[in-house]
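Given next, in structure tokens, is a single chain: the form predicted on its own.
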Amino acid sequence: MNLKKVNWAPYLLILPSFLYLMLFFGWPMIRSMELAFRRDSQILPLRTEPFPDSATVGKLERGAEVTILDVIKSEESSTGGLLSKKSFWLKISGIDVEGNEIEGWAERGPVFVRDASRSEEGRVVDSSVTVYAEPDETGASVGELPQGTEVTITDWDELEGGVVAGGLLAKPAQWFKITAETADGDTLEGWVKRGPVFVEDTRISTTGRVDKGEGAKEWTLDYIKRMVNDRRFTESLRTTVLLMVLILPVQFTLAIIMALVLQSRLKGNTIFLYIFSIPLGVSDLAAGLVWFSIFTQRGFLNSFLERLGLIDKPYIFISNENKQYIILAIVLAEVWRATSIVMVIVVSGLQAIPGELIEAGQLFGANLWQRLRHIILPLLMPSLQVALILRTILAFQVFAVVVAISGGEVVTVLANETYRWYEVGTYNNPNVAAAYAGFIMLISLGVAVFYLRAVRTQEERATQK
């Protein structure tokens, strides 16, 4: 029995590509989508009563601003003969994860309280503490208090630190003026250092925020809604589409002309190849800075117009009032920088066209436009398809040129908003940034599928009929 031999070579050759796609595209894409649709944060449950096992009335997300309405101190309880330490419960109100205002009780620990007032209560936590007549360790002592003694704080004082070894300044020392009842039943009054005395913050500020809570993971559309409702979303999408509509036709027209010049084999066309390829070595940011310097108040354009006598004083092109000139500068910068990429793809496509077909067209009397329309462009469709997909994806990702020319404020695009939401100094919300990035990816994939369907060769059209 003869078994058909399996040719494993194609599978072995495609395996590295598959692993590459999964490692550097598939896995990051999955993680990005998970970040955009999944809330992974800490949630603080609010309870109806100041007890850990009471019913919950709602949940507050970590970082939520709260208003503190009341505070109580729980009584000590005995478990197994041991006394548990006292805990504070805060009655707070805030906006929950669904945008509704809720009110309930939470323990002090998970809630960070701003500007807490100085406390009036405390207790001795060292084995013993010496009480002085004045806030000075070298002064007279008025007595000692054992560990666990409850004290009442009547005044605070903070003394400047002196000079210690090495010429360094010591930290300021905090002193409490306290009154306490001794073991003999007498009242002792004096000053103690803060270190041996644990202060219980019983006087609480009226504002705070949720600092921690219970770990929670859930699927949500909140970040997508926040992206769509962002005040810059519509503007950035409109500007991105406008740039794509303005840039792509100019780039492809110039790229085809440049490729035809190189393909014509004119004398010295190698020089044209070098000139056309210069922008390939320029980064996005550098291209943006070059064109920004051209359009500035003292840039090349203003100097040129003044020499021609067309203007009397420099014109401010880049400003809030002249967004159209900022768009023009971005379009020129992108056309100048990236047209060479399209040209390289078109040149490779032209070299694959048999010269006999073009010569046959010339013999039958077809002029340059007729040869371009009926021979060259139909045979260039596969190359143009690749170039269209590549340039459209890059147009949706344009970022550095926009930031260099407009600063990302006057004119903004989707990629710039992605960065703004991710940046620590601005919004610092990776979830919304992931939503923006996913939106850019979905648009790019949709446009790529559209090009694959719309830009097809005659053979592809005939096959699908």
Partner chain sequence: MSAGTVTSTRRGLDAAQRRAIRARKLRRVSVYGLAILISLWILLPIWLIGTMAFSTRADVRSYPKHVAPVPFSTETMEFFLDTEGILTATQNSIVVAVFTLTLSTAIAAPTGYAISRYLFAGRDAFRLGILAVRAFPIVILAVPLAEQFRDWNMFDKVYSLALMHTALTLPTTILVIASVFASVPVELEEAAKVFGCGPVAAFRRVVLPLALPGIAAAAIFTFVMSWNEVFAAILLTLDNRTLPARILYTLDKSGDPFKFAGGFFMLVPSLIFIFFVRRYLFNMWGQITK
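Everything quoted here is computed from the prediction, not taken from an experiment. Positions refer to the first chain, counted from 1. Think of the rigid core as the biggest set of C-alphas that the two forms share within 1.5 Å after superposition.
Below, we turn to the form predicted in complex with its partner chain, even though it does not appear here.
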Open item on the list: Check residue 28 for me: does it contact its partner chain in the model of the complex (non-hydrogen atoms, 4.5 angstroms)?
Closed with: yes
Task: 4.5 angstroms heavy atom contact with its partner chain in the model of the complex for residue 37 - done: no
- [ ] Considering only heavy atoms, tell me if residue 54 and its partner chain come within 4.5 Å of each other in the model of the complex.
- [x] no
- [ ] Report yes if any heavy atom of residue 266 sits within 4.5 Å of a heavy atom of its partner chain in the model of the complex; otherwise report no.
- [x] yes
TODO: Please determine, with the chain shown alone, which of 179-187, 234-242, 139-147, 278-286 has non-hydrogen atoms within 4.5 Å of its partner chain in the model of the complex.
DONE: 278-286
TODO: Indicate whether the candidate residues 69, 129 and 152 are all in contact with its partner chain in the model of the complex, with contact defined as any heavy atom within 4.5 Å.
DONE: no
- [ ] Taking 4.5 Å between heavy atoms as the contact cutoff, choose which of 64, 46, 404, 43 touches its partner chain in the model of the complex.
- [x] 404
Task: Position in contact with its partner chain when the complex is considered in the model of the complex, options 377, 316, 257, 133, heavy atoms within 4.5 Å - done: 257
- [ ] Quick one: name the residues from 284-298 with any non-hydrogen atom within 4.5 angstroms of its partner chain in the model of the complex.
- [x] 284, 285, 286, 289, 290, 291, 292, 293, 294, 296, 297, 298
TODO: Align both forms on the core first, then report whether residue 447 has a C-alpha shift of 2 Å or more between this form and the one not shown.
DONE: no
